[in-house]
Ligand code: SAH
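Before any questions on binding or motion, here is one chain by itself as structure tokens, the form predicted on its own.
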């Protein structure tokens, strides 16, 4: 995509509709745009200069005439040229922040609007990069983005993990391909001093869930001298860090044989013992309860139960049931960690469902910590709803 500010298409906002943008919001919705024939004819992902009803130029954005979020702001200086050099500048700023927060090269490098690159997610695994282009604008900028990544990071491999359902809202099809270098197997990362393996070929999302970094560290601090049960373990992030912290026994439960195999390989890398159980979490919790098993720490970090707004009622019941079954497995004085990565599950309702589940299990206790994602997943000040991750750590009586 070649961008020239002086001849870039103009996108006019309706009268009185520039207030949110001026206040700092990075999105312009379709009902705020003058959807002229010229605007409708623009290709999804086109770069446009935003203009208010008084002809003042307010910035440069990517535009998709077919999306509810019609324009996504890239810069408030309309004279900026959106090219590889511009993208490299944003990458360098994000890199400086991450290396301040988590030195070592394993982190989420770009978290969309909060890092000034709307619709883009970039996870760094040392010299390998996994990315998602979740908007038509960022998809159109992909060639320039790859040049910028080479300039700033020079990764040995770059993988597109474009399987997010939000792409369909932008008219984009899912895709998964290696666009630079090659993958020869799982990628080793280091988190909280623990060696872990990420699957960039078939793994979930971008291959690893860096958002739980701080929560894993906190839970690991509770694990010494205790039996630990890690439900929905995926590749063993919670389990392995608990084992490394001195848990007496750790069991990882997941229904994916491939994920558990990664956890076993990572356990060998760290020289720690790990028990695995391939099972559906609810059924395994019921089986363990019937067998009279109890654990000092139980972790329940499931995939999203609420994928869309219409799933809210059923998903809420799922979190309630999860809390009820997990609480029954916690020994008196032990700890329960529960989380939701469901964007459509409000934090207050999640907390209510967990409390309801505890009462159904006839357990009481106290919340020790309520937390979201790690600091490499920053939140744009005008997009608090993008803080999707919710977690509670409790001690149960």
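Source: prediction; values computed, not measured. Numbering follows the first chain given and starts at 1.
Unshown form predicted in complex with S-adenosyl-L-homocysteine (SAH); subsequent notes refer to it.
Under a 4.5 angstroms non-hydrogen atom cutoff, S-adenosyl-L-homocysteine (SAH) in the model of the complex lacks residue 89 among its neighbouring residues. Remark: residue 218 does not count among the residues lining S-adenosyl-L-homocysteine (SAH) in the model of the complex, judged by a heavy atom distance of 4.5 Å or less. With a 4.5 Å cutoff on heavy atoms, residue 238 counts as touching S-adenosyl-L-homocysteine (SAH) in the model of the complex. For residue 232, a non-hydrogen atom is located within 4.5 Å of S-adenosyl-L-homocysteine (SAH) in the model of the complex, even though that partner is not displayed.
Per the 4.5 Å heavy atom criterion, S-adenosyl-L-homocysteine (SAH) in the model of the complex is contacted by stretch 296 to 304, the sole one of 116 to 124, 81 to 89, 138 to 146, 296 to 304.
Put simply, of 261, 279, 73, 97 only one has a heavy atom within 4.5 Å of S-adenosyl-L-homocysteine (SAH) in the model of the complex, and it is 279.
A single residue from the set 321, 195, 167, 255 has any heavy atom within 4.5 angstroms of S-adenosyl-L-homocysteine (SAH) in the model of the complex; that residue is 255.
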